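This document starts with one chain, in the form predicted alone, laid out as structure tokens.
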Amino acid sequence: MRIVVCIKQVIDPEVPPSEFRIDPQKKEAVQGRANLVISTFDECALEVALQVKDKVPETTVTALTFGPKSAEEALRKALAMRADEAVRVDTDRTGRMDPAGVAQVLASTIQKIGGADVVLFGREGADFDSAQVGQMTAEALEMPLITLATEMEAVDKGIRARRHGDDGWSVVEAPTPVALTITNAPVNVPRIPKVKDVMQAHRKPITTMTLDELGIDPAILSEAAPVEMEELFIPEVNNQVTIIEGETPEEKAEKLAQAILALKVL
């Protein structure tokens, strides 16, 4: 079984709010002193793939990302966790792309590298939380999609997955090829790589591809993007405290009601 896990490098979502920075002109977050990490749910998806590999050794796991040169660190982390291969599609000629554009690139890359039996995604990115790339990529690949899965195992001619739904848990079986979006759960907490594996990961090759090699014009992707970001900003919160005074509880309640009405919050 060949599994491709699509991962994204993001600014650590655990960065303290006081350290979070944005570039309002480029409409993107700025790394600053924050670390770059694999997006939270993508790392869970990688763990799910590796658990299948642990049980079925002939399984191969390929980590795929669409990102700049710095994203190779995320791929090194995937290799250290014991992924077999790593592929990066370079973004040097692109600006920020909407989920539809990213999905087109990922789908074209998966087809270029020979396809996959299973394609895994995190349920959403830890930066913009759009939760659309997995669904759109599966559509482009013409694969059925299982959403919000927490675990997966190989069965005869397909996979069995446990997923979370509105009415509780369900177990789903599907033939391959198939795509899944993975949500976090106690059963898929990402493993911590061993020191030996970290050292070996830095000696393994990373396949780098360009949009030209995929036959994709970045200008067309940008022009055809159905979503355009108009503004990115950090909300300002102004906290004010007003002391309500009065001789009796009834008087205080009356003044509080008047203050709330004056603020027009009701």
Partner chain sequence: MQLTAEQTALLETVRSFAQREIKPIVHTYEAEDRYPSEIVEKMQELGLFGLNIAPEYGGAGVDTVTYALVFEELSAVWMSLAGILGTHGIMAYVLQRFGTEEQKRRLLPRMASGELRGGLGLTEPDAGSDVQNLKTTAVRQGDRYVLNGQKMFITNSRYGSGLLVLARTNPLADKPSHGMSAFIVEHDEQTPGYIVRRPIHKLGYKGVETCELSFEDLQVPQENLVGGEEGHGFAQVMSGLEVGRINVAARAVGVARAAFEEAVRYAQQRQTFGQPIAQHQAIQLLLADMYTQLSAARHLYIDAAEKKDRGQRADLEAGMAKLFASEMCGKVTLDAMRIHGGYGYTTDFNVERYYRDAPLMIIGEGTNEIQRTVIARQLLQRYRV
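Residue numbers count along the first chain shown, from 1. Predicted, not measured: the structure shown is a model, and the values here were computed from it.
The discussion below concerns the form predicted in complex with the partner chain, not included here.
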Against the partner chain in the predicted complex, would S70 count as a contact residue? Criterion: heavy atoms within 4.5 Å. no
Partner proximity in the predicted complex: I234 to the partner chain, non-hydrogen atom cutoff 4.5 Å: no
Contact flag, I192 vs the partner chain in the predicted complex, heavy atom cut 4.5 Å: yes
State yes or no: in the predicted complex, is some non-hydrogen atom of I216 no more than 4.5 angstroms from a non-hydrogen atom of the partner chain? no
Is it the case that K196, M199 and R203 all touch the partner chain in the predicted complex, with a non-hydrogen atom of each within 4.5 angstroms? yes
Specify the contacting stretch among 142-150, 163-171, 182-190, 107-115, defined as having any heavy atom within 4.5 Å of the partner chain in the predicted complex. 182-190
Mind listing which residues of 228-245 have a heavy atom within 4.5 Å of the partner chain in the predicted complex? none
